[in-house]
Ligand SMILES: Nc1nc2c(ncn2[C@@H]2O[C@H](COP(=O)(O)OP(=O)(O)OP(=O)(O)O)[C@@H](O)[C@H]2O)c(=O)[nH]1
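Quick setup: one chain, the form predicted on its own, written in structure tokens, and binding and motion questions come after.
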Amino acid sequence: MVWMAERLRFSQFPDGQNARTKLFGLGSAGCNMVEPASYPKVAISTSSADLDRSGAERRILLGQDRLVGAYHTDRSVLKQMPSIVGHEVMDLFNNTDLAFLMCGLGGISGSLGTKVFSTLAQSKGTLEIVLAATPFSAESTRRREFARRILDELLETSTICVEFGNDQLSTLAPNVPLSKAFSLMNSIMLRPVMELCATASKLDIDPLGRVIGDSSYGRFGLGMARGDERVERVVNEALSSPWFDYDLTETEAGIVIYSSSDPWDKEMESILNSLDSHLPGCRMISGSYSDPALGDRIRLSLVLCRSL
């Protein structure tokens, strides 16, 4: 791990020590989100119908009463009492360095389940990243208020919670029918998972947690560009994400991942220098990897974090 002022670099899988990752789909939306992923995954729901259509290697049916009871159990007690949720559930985090908890907030399974499993991951020493879709403004007031309450709780307790507001999706794809909007959102939410799985080693887990620190509220941006000025364009496109709807100078921490068919250290350095000018004082951990499918394009993925 090499320090560069306020910068860290991922260590690129030395000696095969790639991070052991696992995806957890919580609730109906979460089960759908993890379905296309090729990484080890677990589907968790209070509905057997959600699990019946899941191709996850592990499928866990939790009774709603059991889930509600675990949610209302004091966090410090829950960490010490696997009997509350069962040893089978606790064992899901064995041999897992990095857990991605994917959900849609607003329903019982996704909302309460994500809060409970975030706590359980921490009790097992697993760094957990929550990726949560929040309801459209046209959805019921009750659902939106419940989602907001759970999001606030996750920001207090999780290592990092990356929010993907459904409303902002319409600015990216204004003419996409609602039936396809959720599939598009799922593919966007899987992108930071794919990037971290491609770059993070076991040695990076602690530094990643330190860079995030108390900046638990994350948002995501993605840029693609080609041509002579592609560094400037890819940075501007990534920072123009509709989910970056706040003053970017408030950003405290960032996960920066650059990919191309042939990653170039000088190009990575140019990207970081450009980001420094937009994100003053931001701690960064960065990495790069080769993706031959990009051809002459480059891709930049950003998870930018702040505290609330």
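All residue numbers are counted from 1 along the displayed sequence. In this text the structure is predicted, and so the values were computed from the model without any measurement.
As for the form predicted together with this ligand, it is not shown, yet the points below apply to it.
Every member of the trio Ala29, Pro135 and Arg143 reaches this ligand in the predicted bound form with some non-hydrogen atom inside 4.5 Å.
Only one of Thr73, Gln122, Ser201, Asn166 lies close to this ligand in the predicted bound form, with a heavy atom inside 4.5 Å, and it is Asn166. The partner is absent here, but in the predicted bound form a heavy atom of Ser109, alone among Ser215, Ser109, Ser158, Thr126, sits within 4.5 Å of this ligand. Using a 4.5 angstroms threshold between heavy atoms, Met33 counts as touching this ligand in the predicted bound form. In the predicted bound form, this ligand stays beyond 4.5 Å of every heavy atom belonging to Ser118. Among heavy atoms of Thr96, none comes within 4.5 Å of this ligand in the predicted bound form. Under a 4.5 angstroms non-hydrogen atom cutoff, this ligand in the predicted bound form has Met185 among its neighbouring residues. Residues of just one listed stretch (227-235, 88-96, 150-158, 185-193) have heavy atoms within 4.5 Å of this ligand in the predicted bound form: 185-193.
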